[in-house]
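Presented as structure tokens, the chain that follows is alone, the form predicted on its own.
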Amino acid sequence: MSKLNKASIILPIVGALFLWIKTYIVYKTGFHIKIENWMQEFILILNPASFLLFIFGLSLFFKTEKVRNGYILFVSFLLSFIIYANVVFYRFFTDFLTLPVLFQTSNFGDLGESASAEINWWDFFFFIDVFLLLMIIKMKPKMVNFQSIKRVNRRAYFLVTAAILFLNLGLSEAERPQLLSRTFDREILVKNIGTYNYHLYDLFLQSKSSAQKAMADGSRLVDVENYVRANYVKPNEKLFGIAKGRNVIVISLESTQSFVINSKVNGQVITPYLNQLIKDSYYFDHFYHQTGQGKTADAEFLIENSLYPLNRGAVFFTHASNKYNSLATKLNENGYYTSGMHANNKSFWNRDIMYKSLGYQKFYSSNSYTITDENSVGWGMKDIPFFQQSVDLMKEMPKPFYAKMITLTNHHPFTLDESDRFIEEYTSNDKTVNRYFTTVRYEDESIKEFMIKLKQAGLYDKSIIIMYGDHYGISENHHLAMGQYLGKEITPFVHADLQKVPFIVHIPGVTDKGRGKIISKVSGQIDVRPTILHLLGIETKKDIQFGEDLFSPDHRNFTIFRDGQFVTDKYVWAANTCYSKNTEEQVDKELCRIYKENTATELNFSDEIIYGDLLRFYGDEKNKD
């Protein structure tokens, strides 16, 4: 290779090398990627190389120095931005970006405060390689002198790039068989094929999902229906219809995890009202959230449909036009007035579109509330005025009604006006964890005020009130402070346990006056739809749903997380490890095998329903029975 040819190839290689080094540093500092052996570490080091050499190598086809240099600088900046965007997203969600999430641009304006809380002044270092490349081009032009590259040299360059790619894929497949066909865990994909190749694969999956709907037909429902029917559990005869004809009020407790229930911080009770309400309710203390990237929207999807959310993006965005047999639709058929209540922009999480697909007759969004600077904080209207104004709206609703209420105040970054603090912040080095307890306490007070208002409006005795935590509030990035609060190390087992969220069923005249009960069945949000409908005396045997009535004596102690982890009454599968539920110690993976198979089957069936919009074919089949 001539000197000029060597000089011409230096700049793309230097650009790729800078990003290669930076990507590996980000893997080790920006993400919490679990490495179990030296081979995984080698794959982690290797995996950015093939993509970076390829994308920068395309500059070898350009005919002028200006175009080549501009392309290399642009690619360097773009890829730096992609890796940085993943880091910011990961800081809160402990997850990697997907294309469906990037398409959720209508949410970006509302995400301002949460996003800014995860951006630090030192983040400019994520782009330092771009500045270094610019300096090389400006200050060392002879080092990167331009000359057309001979075809044989280009061919050799890309053959080396291809060899690195196949080496990466071969080692990854050996380390993780069926890597690309088992995509429940994005961390495993990034760890093996790299961030950039992961995004290309995500693009492929997005295209594939669009094709699935176009090519789907009703025959795929046969296997799904057979599975659902085989796993249907009969309702509890004593409780079936016990709330028949009552108003149904379902409250989403934003970011509320179960560890705050019956707990204290700085000697102060965190949830005094909920602690008392639990004594007057059915309370499920082994109830888990099962959300994916859609968080609150995913929780809504689970509650409404008893289907799992998607592993990528939020169903509320990606499949809002699908046909669903939702809780709202079912209640519409049984004479209920159905509504969603959320004092936020109606388009946030695409609710204005999705709620129509779910069958809501009315969406009470921010336009339905009187919102001022005084009654707002963080993400919008405070919970106390939200509940107060919502009861006034409920009084005007046709009866019986179904109202699903989405709270806001206990949302990351958990900011609160000083006048609304009922307890002091926790005292750790983590401001997010410290503030969390104050907003949970405010939420608890808002529920108390809501129940008082319901009684004053004459709605309390005629209603059934259900409350559920929608998703975690404290992510994996705050394990140090959480370990300090809990007084123990946050292992994968403990982290799985922290995914418990409250689930409370309060039935005035049935569970109040100390007649409540704590039920310790392993359960999740997937179970809420059949549970509510059976309490109302509405049968669900013919419905396509993966949840089971929580009051049924036949309910399985088995809950599946969206990422493929799961919990049973005996075992916990977390971080690719099988744990004993009793001892919290690792046990033989074979003990978890049958549950892993069931998990994969159920998630795959649910995905098929959503990607193929299969429920559009179900109506006629159901009516034939």
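From 1 onward, residues are counted along the sequence shown. Remember, it's a predicted structure, so these values are computed and weren't measured experimentally.
Same protein, other form: the form predicted together with a small molecule, not shown, and the subject of what follows.
The candidate stretches are 396-404, 464-472, 521-529, 74-82, and the one lying within 4.5 Å of the small molecule in the predicted complex by heavy atoms is 464-472. Taking the partner from elsewhere, G194 is found to have every heavy atom lying beyond 4.5 Å of the small molecule in the predicted complex. Contact between G294 and the small molecule in the predicted complex is found at the 4.5 Å heavy atom cutoff. Put simply, H342 is close to the small molecule in the predicted complex: some heavy atom of it is within 4.5 Å. Mapping the unseen interface onto this chain, F316 falls outside it, with no heavy atom inside 4.5 Å of the small molecule in the predicted complex.
In summary, among the residues F551, Y282, F348, Y369, the only one with a non-hydrogen atom within 4.5 Å of the small molecule in the predicted complex is F348. Though the small molecule is absent from this view, in the predicted complex it lies within 4.5 Å of a heavy atom of just one residue from Y157, Y273, Y90, W379, which is W379.
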